[in-house]
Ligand code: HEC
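There is one chain below, alone, in structure tokens, taken in the form predicted alone.
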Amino acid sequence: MKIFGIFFILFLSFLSAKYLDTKSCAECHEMIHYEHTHSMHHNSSLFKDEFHRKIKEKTYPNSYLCALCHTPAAKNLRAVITGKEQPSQTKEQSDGVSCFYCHQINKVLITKHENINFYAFSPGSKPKFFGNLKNPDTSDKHKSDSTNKIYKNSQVCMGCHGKKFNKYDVEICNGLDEKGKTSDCISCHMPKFPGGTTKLNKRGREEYTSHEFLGIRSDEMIQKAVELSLKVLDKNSIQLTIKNKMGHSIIMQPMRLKFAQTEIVRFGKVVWKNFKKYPIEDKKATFTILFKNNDGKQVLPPSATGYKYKNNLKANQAKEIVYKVPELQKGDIIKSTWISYVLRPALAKTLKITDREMLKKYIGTKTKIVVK
């Protein structure tokens, strides 16, 4: 493991028995607690994420390198990562990416292959929780601070959602924008809603920041992700334009599958479609990342030495796809639909995933035109 990673693990080894589990936050932050416990941050551990557990079992059965981001508050993090100890269902590990962890990150170190979070925790003292409030409160459980800029510019998200390379220097994921900087993660994925931050609403606040961490599992977010537009070029040609409206690439995590399904409907019957059975048949309109080894065989990201297939769109980038189609007739309906999967169906089948949320098809934006 890289020297920075070891340094970070040594920092985490200072965590003491004073850990405040997520459940304890519900005493004051009832709504935020509810949102967080239904988010993938809380459900990121091996014990709550079936896909993550099965990937770990297939790639690193005797160690848990992913613990650095999936159960970062574990007291025995170094031992779990190296394989000296196995993950256990302690409250620190069951909490996944916990409130206690996120709100004590005071610095994100940017390195070549990965980013690293640093804690502000001091053993034996009341923890200081950072946030983005104008006038934060301090409670009997923790101090509060709003001066750390990484909670204002979304840099705090980049410790885990920045970039990650495997041991062969192959990029596995990247949450940075096309300029290599942080997009506005917080304002988009943590929108504000009416209500106070605590049960008591001490300072009469009228809004709070959602902790659902809305993303690909949100129908609302899927609707906002891209813009589709169609145009008839001539009697045998149509054009589909796909514009990425997000502040980052369409594909950040390689397990995703996203595509535009385009059809021509005549008298209620589909007379043409941009693919017959699998979206990947239309490589221009299918966005995902597949990895390969030196033999060209498709493998999981940790073993990859290159890419078997990689189609992506950067932030605010658009692409135009021209299709040759059967001769169009007056009244034909041409329609296109954006579809997303948290996990590629083929990969879900290989891993025998049973979690229905992982298998769900998310329908995004739609567009259609009628041939005149």
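Numbering starts at 1 and runs along the sequence shown. Keep in mind it's a predicted model, so treat the numbers as computed, not measured.
The discussion below concerns the form predicted together with the named molecule, not included here.
Student: To test your reading of this chain, name the stretch in 146-154, 260-268, 230-238, 282-290 whose heavy atoms come within 4.5 Å of the named molecule in the predicted bound form.
Tutor: Going by heavy atoms within 4.5 Å, the stretch is 146-154.
Student: Considering the named molecule in the predicted bound form, which of Lys273, Lys243, Arg205, Lys75 comes within 4.5 Å of it through any heavy atom?
Tutor: The option sitting close enough to the partner is Arg205.
Student: State the residue from Leu133, Ile110, Ala120, Val299 whose non-hydrogen atoms include one within 4.5 Å of the named molecule in the predicted bound form.
Tutor: Of the candidates Leu133, Ile110, Ala120, Val299, Leu133 is the one lying within 4.5 Å of the named molecule in the predicted bound form.
Student: Look up in the predicted bound form whether Pro87 has a non-hydrogen atom within 4.5 angstroms of the named molecule, and give yes or no.
Tutor: Because no heavy atom of Pro87 falls inside 4.5 Å of the named molecule in the predicted bound form, the answer is no.
Student: I'd like to know if Glu27 sits close to the named molecule in the predicted bound form, meaning any non-hydrogen atom pair within 4.5 angstroms.
Tutor: Contact with the named molecule, yes.
Student: With the partner left out here, check for me: in the predicted bound form, does some heavy atom of Met252 sit within 4.5 Å of the named molecule?
Tutor: It does: once the named molecule is placed as it appears in the predicted bound form, Met252 has a heavy atom within 4.5 Å of it.
Student: Residue-level question: is Ser44 within 4.5 Å of the named molecule in the predicted bound form, judged on heavy atoms?
Tutor: So Ser44 counts as contacting the named molecule.
Student: Judged by heavy atom distances of 4.5 Å or less, which residues of 34-58 approach the named molecule in the predicted bound form?
Tutor: Those in contact are His36, Met40, His41, Asn43, Ser44, Asp49, Phe51, His52, Ile55, Lys56.
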